[in-house]
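Single chain ahead, written as structure tokens, the form predicted alone.
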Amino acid sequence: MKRYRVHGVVLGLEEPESELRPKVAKALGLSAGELLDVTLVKRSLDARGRPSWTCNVDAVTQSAVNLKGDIVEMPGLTDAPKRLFNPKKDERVVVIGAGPAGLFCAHRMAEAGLKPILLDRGEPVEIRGRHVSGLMHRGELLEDSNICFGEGGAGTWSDGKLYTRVNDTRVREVLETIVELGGPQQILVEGKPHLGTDRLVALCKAFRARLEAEGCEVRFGAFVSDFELKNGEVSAVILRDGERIECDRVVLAVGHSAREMYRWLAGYGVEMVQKPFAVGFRVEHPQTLINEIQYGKFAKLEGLPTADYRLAANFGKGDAHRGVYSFCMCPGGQVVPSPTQPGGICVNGMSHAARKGLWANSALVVSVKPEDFGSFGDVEGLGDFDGLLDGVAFQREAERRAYEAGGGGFIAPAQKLTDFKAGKPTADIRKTTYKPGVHGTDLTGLYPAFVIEHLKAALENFERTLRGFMTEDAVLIGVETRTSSPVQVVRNERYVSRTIQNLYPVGEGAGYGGGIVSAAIDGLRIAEQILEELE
């Protein structure tokens, strides 16, 4: 038997998947009956002209076919099996953080027979959900349980995007694990798979149950406040309530907002470096407008997914380059508060699985380099640890200014997109999906001039790309500052800290990976390194 992959098979929105068989047979020059098996591998929407699905399909047949540019012979009938580990030594591994990196790292070790301890400062999703609701509806912030902290990490209350640019065989493993836990089968074939917050909450519960069944100890409300060091290694982690947990290795998977941990790691001299990130605002449009811009006269066609967009503009070259781009676009979603400390406000976006909301939102952000971190002037935290955490100081100052501009209570400052471009304040602002409420104002004072100027310049490019993007109905809501970690915890080729020999920095919070899947892959990578050493 031979297996072939046929690229670019077109399937109409109204056509059932069963129509792939005759289409693939025709492409291979065979009859439909000669195909022993037909499997949809990937499908992506092509919205040029009348929208349709472009599919990659695997076909198994006894017959040899003539290979063409869109047909390739696959090497085997099955994917490479996942590597199995048999650790000869049982060590106590503590994983700090129950986001994607920590969850998948703990799972990989537990299924191999280790008994890791998974600690998270936040709460399980069923409790965390009430705390998130309290923040959204009553302005009640709990610093350890919110949009950023708690079971599942910051991605739990998001759009749940599962696509990544990382080219790694573990991508499939991550997606298959999600399906095993109750995720939809379609994520295995969609070109841009997503889950939505409603599915993510259920998946977190299922993941926790699996970890506990595998022998992993999962603990919430467990804020790690210190390490006990001996001979250059962590011998125990110390919780805020004073509890001491002995360990042989520590996986640090704390997420991109763990500012307290960055400070005490810096205090221990753990090698870290400043890292670029991006800041800006979240823009909200009517979803019907985005659908019409993207699909034109076909916008109301049955079966079309809710439209999204991706925008980018580049200015300057070399060291002077500055990028402006959309980030974490949420079709049919809402804007949510994501602060983790009092006196500051930042926002994010989320969608449910169906993406049926009336509004679309996305971050519009400008790249910020380490040499920009002092652009606010002398602000709190600037220069601490020889400037290592200046990126954190930059973020906090923008969040502080936003909080003051909104008038407190996590009310967000907002401005019509057209007013922002024209340089005039917005006094009368429409209601948005941001539940704590918005206050119409002038956003230009929330960032240094280079951020505002580059964003205004990029809006001209964005309007040329998406005609109608610059509309009176579009509202900017501030501020978006947590696009990624402002530092990277340096690690060696064994994925271990170059300072503490049994500390494994992992995922987005350590400056590796960005998004659910890439963080999960990094967690798997660290787990496999540990298991390999224990074999």
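None of these values were measured; they are calculated from a predicted model. Residue positions are given as counts along the sequence shown, with the first one as 1.
Not on display, but discussed next: the form predicted in complex with a small molecule.
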In this chain shown alone, the residue from Ile96, Ala363, Ala360, Leu446 with a heavy atom within 4.5 Å of the small molecule in the predicted bound form is Ile96
Only hit among Val283, Val125, Met261, Val270 for heavy atom within 4.5 Å of the small molecule in the predicted bound form is Met261
Quick one: is Glu399 in contact with the small molecule in the predicted bound form, heavy atoms, 4.5 Å cut-off? no
Does the 4.5 Å heavy atom contact test between Val251 and the small molecule in the predicted bound form come out positive? no
Review point. Hey, in the predicted bound form, does Phe149 get a heavy atom within 4.5 angstroms of the small molecule?
Key: yes
Quick check on Ile516: any heavy atom within 4.5 Å of the small molecule in the predicted bound form? yes
Given 378 to 386, 229 to 237, 448 to 456, 157 to 165, the stretch touching the small molecule in the predicted bound form at heavy atoms within 4.5 Å is 157 to 165
Do all of Gly102, Arg121 and Cys328 end up near the small molecule in the predicted bound form, with near meaning a heavy atom within 4.5 Å?
yes
